[in-house]
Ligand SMILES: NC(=O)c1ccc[n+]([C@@H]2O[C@H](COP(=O)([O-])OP(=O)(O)OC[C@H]3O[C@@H](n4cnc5c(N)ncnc54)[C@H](O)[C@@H]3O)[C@@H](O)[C@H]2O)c1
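There is one chain below, alone, in structure tokens, taken in the form predicted alone.
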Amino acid sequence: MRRASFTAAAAGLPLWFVEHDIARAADQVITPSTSPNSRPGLALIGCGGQGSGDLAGAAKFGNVVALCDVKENALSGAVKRFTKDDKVPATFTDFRKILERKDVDIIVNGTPDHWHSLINIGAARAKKDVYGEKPLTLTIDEGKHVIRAVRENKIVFQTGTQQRSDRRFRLACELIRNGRLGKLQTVEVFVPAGLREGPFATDQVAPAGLNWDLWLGQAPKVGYMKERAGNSFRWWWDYAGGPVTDWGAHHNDIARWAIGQDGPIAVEAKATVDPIAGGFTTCKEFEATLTYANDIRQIVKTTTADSPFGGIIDPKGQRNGIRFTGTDGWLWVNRGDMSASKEEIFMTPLPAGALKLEESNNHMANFFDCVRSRKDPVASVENGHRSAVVGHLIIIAMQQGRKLQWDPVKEIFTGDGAKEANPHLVREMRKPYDYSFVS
């Protein structure tokens, strides 16, 4: 009781919910490890800030044996960070060499978005379990290839949508799925705006120690530009989806979890601020409306500090979170806050027999539990794909400039505009960086 009360107070969660979590955790039995080593061998591909952070979490459960990056400075920094007890991780610039190693059991994929799919597929074919950063893919078609590789090779795959392991978001989704808001009507997703900068110099020289062609991978061949590399990759259509697939990947996943459907049946979207010629190509700000079965609307938009809704303000001064509205009230949730139109919406316990969603309170621990049990983690490859599809649909609708109808089962556009939109489910991959690269 003391533990539950402390956790509830610290997290701002109702005591009944935390008590239930603790009781359920006590009843769970983890299947003993069948690995020859109780601490599996870990390899990181993509040694930037997010990837290194992921590996630091994974290193609590395994031993870091190998690192890979196309940037020598990132690689050397990771070596210093993850050398332990004089055991220096092996280093590579071609990730395929890591996939050949027998001492590597698990891949942590922290690369830019346009490299996610090929590395995940290659790792699956090499029988390595994978913790893969979000969004799962660069295109909708890629997701089908990733799912096939994961399932055919029977690996464990966790998508890095960490909010599925946040108690607040799970509670919000359980309340909504159990009708606490009455009939769900609207889901409003607020994400921080992207960057709008440029034009950039085009005569830049790639720094020593960077394999620029390999960094570009499947994307079109272009000259080096420091504004394309690093974290700036997410503001270029060639490599990512801007704010749509950055924070949007997290919040759209939770929205879909609460709605309880595979995907929407219609989408329309528009950029509200145009990019600067010669600069970043993704939109800085946008608005989108997705329609689900049962007349549920999901509105996704970038927003600033003058938003009329509550929530933590991030360092850019922007609101960031999700607001669910039903016939019996509303509920707001983000990583630091939960509030509702009536306190009893989340303070009143759910009845016995209520729908319970899969529990995870630590995303990396959940992954390693599943590595041992060989069960699906909370953010399975299918969930990663279907939630990424939401962002990809928004981007396609934005670029097509029209409302589009979507079949979430067949995963194709239908009706007016389908002929023009369906070719955008896939992108041409620059050779040799197509699927044969990891065959």
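If you're wondering where the values come from, they're calculated on a predicted model, not measured in any experiment. All residue numbers are counted from 1 along the displayed sequence.
We do not show the form predicted together with the named molecule, though everything after this point is about it.
With the partner omitted from this view, the residue of Ile394, Cys47, Val381, Ala43 that lies near the named molecule in the predicted bound form is Cys47 [heavy atom within 4.5 Å]. Site annotation in the predicted bound form: the residue of Asp105, Glu133, Asp166, Glu285 reaching within 4.5 Å of the named molecule with a heavy atom is Glu133. The candidate spot formed by Val70, Pro112 and Gln162 is fully in contact with the named molecule in the predicted bound form: every one of the three has a heavy atom within 4.5 Å. Stretch-level contact check against the named molecule in the predicted bound form with heavy atoms at 4.5 Å: of 366 to 374, 407 to 415, 49 to 57, 383 to 391, the positive one is 49 to 57. Interface membership of Arg256, defined by any non-hydrogen atom within 4.5 Å of the named molecule in the predicted bound form, is ruled out. For the chain shown alone, His116 is a contact residue for the named molecule in the predicted bound form, at least one non-hydrogen atom being within 4.5 angstroms. Shown alone here, Gly230 lies within 4.5 Å of the named molecule in the predicted bound form, counting heavy atoms only. By the criterion of a heavy atom within 4.5 Å, His251 is excluded from the residues contacting the named molecule in the predicted bound form.
Along 320 to 356, one residue reaches a heavy atom to within 4.5 Å of the named molecule in the predicted bound form: Arg335.
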